[in-house]
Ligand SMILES: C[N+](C)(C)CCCC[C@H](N)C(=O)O
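One chain comes next, on its own, written out as structure tokens in the form predicted on its own.
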């Protein structure tokens, strides 16, 4: 992949994984030396002392274990070592193995909850026997009531920690995009999203996972149909603005969204400790005026450019907490907890991957948590960030109309609008990030095989 390009899948309308990429490349017009296909990772120097980003492990591809070529097993009193091949070994602490036994006595097969009493496991526990079998690693534990555990080989490979044998999958399917995505944006139809077999819903949420947003065409221009569409994903999250929104520019709520003013690219709920995960918008009508185009910006794409070209500014945005507030309603005064806020760019403390963008300059509170030497570097960093966010390369403008809804990942995609005149009626909803992730995980599980097996194994990689 050449630097300065972002690749979209061959068929955006499909629910397949984002790789392999198609040969259709969308040129980024700004800063061609910046890679648009790599997600930003937090440099170790930028991680706070209490949560240093760990070095990412190299992903290794191991062949499935077959009965005539079983792994080699050895023990040293504290650990069990597994030799997958002549060069690849995994080591598991005895106490870790005993704690992760998933027989029916140690792990409830229905509730998928641990039954073994972790705190009764002796710290110096050692197996009385280990055996390499076709089904997996068989471990016998000494006790007044002898116990045997069996760990599937694939599960051990997936959960190997010494060393890690897989690349964590949280961000592997993310496709970063520039304004050129307007040539073929991810879209599903209302009929697909509402189909009872859930395949269209899987396709829809897969697009959201890959691109951070997706359009839904053919939606009946009614709040009832839009609310039903939102509930296909999960519970609608109620906030100080209500549950399902149906509003105009009448300042019925104390927020600039309820005016005709332009809104710059931002994420919502920066004043919440846990900002909503998804938000869905549907323009029901716009009469007696014009304007009001919708703005979408891929925050992960912009962050990747910032990190590559301005790493110092990136580090400032990754480590500096930003206080925020929602104070337009006299009955409410929202601030995140702690009130010092959270950084613009948040990262996975284990992998260092960028996982969330929080940016709304309008809702920002007083920056009184900066030292004297930090003030200028902070303002310099947000100037660069703002310049990249507002570049023609980053901004995707689209004029929505009745019948076309759009859903965005509020932890990644910034949205805004141009000013408008006339009467404009908008509806939509917030959906929690956990509800969204749960639904997507269940659908991936459901369609992971042709049999669509509903039963969840105790050895599921998700557990």
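Positions refer to the first chain, counted from 1. For clarity, every value in this text was computed on a predicted model and none was experimentally measured.
Another form, the form predicted together with the ligand, is not on view; read the next lines as being about it.
Three-residue candidate spot 257, 363 and 430; every residue lies within 4.5 angstroms of the ligand in the model of the complex by at least one non-hydrogen atom.
Heavy atoms within 4.5 Å of the ligand in the model of the complex map, among the stretches 266-274, 343-351, 181-189, 217-225, onto 266-274 alone. Taking 211, 151, 314, 245 one by one, only a single residue has any non-hydrogen atom within 4.5 Å of the ligand in the model of the complex, and it is 245.
Comment: the ligand is not present in this chain, but in the model of the complex one of 320, 279, 94, 160 has a heavy atom within 4.5 Å of it, namely 279. At a distance threshold of 4.5 angstroms between non-hydrogen atoms, residue 141 is out of contact with the ligand in the model of the complex.
In the model of the complex, the ligand lies farther than 4.5 Å from every heavy atom of residue 84. Put simply, residue 89 is far from the ligand in the model of the complex: not one heavy atom of it is within 4.5 Å. Residue contact with the ligand in the model of the complex: residue 107 places no heavy atom within 4.5 Å of it. Looking at 222-241, the one residue that comes within 4.5 Å of the ligand in the model of the complex, counting any heavy atom, is 241.
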